[in-house]
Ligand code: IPM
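In the form predicted on its own, a lone chain appears below as structure tokens.
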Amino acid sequence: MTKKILILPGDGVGPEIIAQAEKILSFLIAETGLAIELDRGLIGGNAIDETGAPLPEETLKKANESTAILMGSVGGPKWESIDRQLRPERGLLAIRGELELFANLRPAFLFSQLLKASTLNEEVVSGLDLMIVRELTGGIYFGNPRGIRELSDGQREGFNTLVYNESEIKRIAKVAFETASKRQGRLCSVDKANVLEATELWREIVSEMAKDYPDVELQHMYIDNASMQLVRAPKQFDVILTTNMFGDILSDLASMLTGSIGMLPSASLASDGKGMYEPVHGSAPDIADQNIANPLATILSLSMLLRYSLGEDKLANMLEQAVSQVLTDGFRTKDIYSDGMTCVGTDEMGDAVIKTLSTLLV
């Protein structure tokens, strides 16, 4: 049965990095007979320019009909002055909400070849391999009421609502516990339960659920301490479970442990198995159309797509092996370049991965 993959290039460097993943997908279709059909759609700023909406109905329809979605990045200064409800990021939040992509998996692992690319001492980050499980469709990014209003004294006030209900917490905690049970069996739930009631409930529910997972060692940590510990001793973590906003911040922090935000993929999953896959980094409009963006986070996101949505573990492993070999061979984009390596552009990095992948498929 042919499965549909929707490609959403997005804005900034999005089209460039997505083009590399699409080349690899087309290569896999041709070489392995992978039964998938590719479609394309608009989201974010480019969608606003063409349709007036950050998430057009046609894109949402295609997304609902697809097995998985491969997305670039959205946003940029060009659209910062338009109405807040029509900005590119609203399209991203909307598709996550509409498809109920509540579980965001963000691995942070350091390829041994990039050990010197991290700003931390080698002994601190060598062997780093952790997973951040971020709740993605609730919390302060989606809570109501929200807005900007004028007070009686003429001042403006911005306000947002942090809210989580029991079922939202349980379903993301279940993903985190099950993820930890398949890894090293250690789960750290990050909250701010000492001052935020929403995360006080979070901590209570996660603690109750721990009884159902006796093989998983659970600890709790406040977000401020977790941020510090992630820099001080990141290898103490196996799986980190946290809220939407805290996960957003921690995953970007974790990306720099690995040397570059351009190296980290992510998967956003629904309970029915549908997934959206995208790099952790943003649209980086300042380097767009210069053929210098690192496509490896997007290529590794494709690997996650192969594994989680298509069940193609063997191909996923091969793609990850190809990325590792390309790094061993000394190929580097500008963000991870060091003396003695071969600096290549976005297109050349994608070509290098395909060339290596072709040797693995023999």
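Here the structure is a predicted model, which is why all the values come from computation and not from measurement. Residue numbers run from 1 along the displayed sequence.
Beyond what is shown, the protein has a form predicted together with this ligand; the following relates to that form.
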Next on the checklist: With a cut-off of 4.5 Å between heavy atoms, is D191 one of the residues that contacts this ligand in the model of the complex?
Outcome noted: no
Checklist entry - Would Y141 sit within 4.5 Å of this ligand in the model of the complex, counting heavy atoms only? => result yes
Checklist entry - Does R106 reach this ligand in the model of the complex if we count a contact as any heavy atom within 4.5 Å? => result yes
Item to check | Exercise: E168 in contact with this ligand in the model of the complex, heavy atom 4.5 Å | outcome: no
Next on the checklist: The chain here is shown without this ligand. Which stretch in 201-209, 86-94, 179-187, 123-131 comes within 4.5 angstroms of it in the model of the complex, by heavy atom distance?
Outcome noted: 86-94
Checklist entry - If you check L99, V280, L250, L257 against this ligand in the model of the complex, which one has a heavy atom within 4.5 Å? => result V280
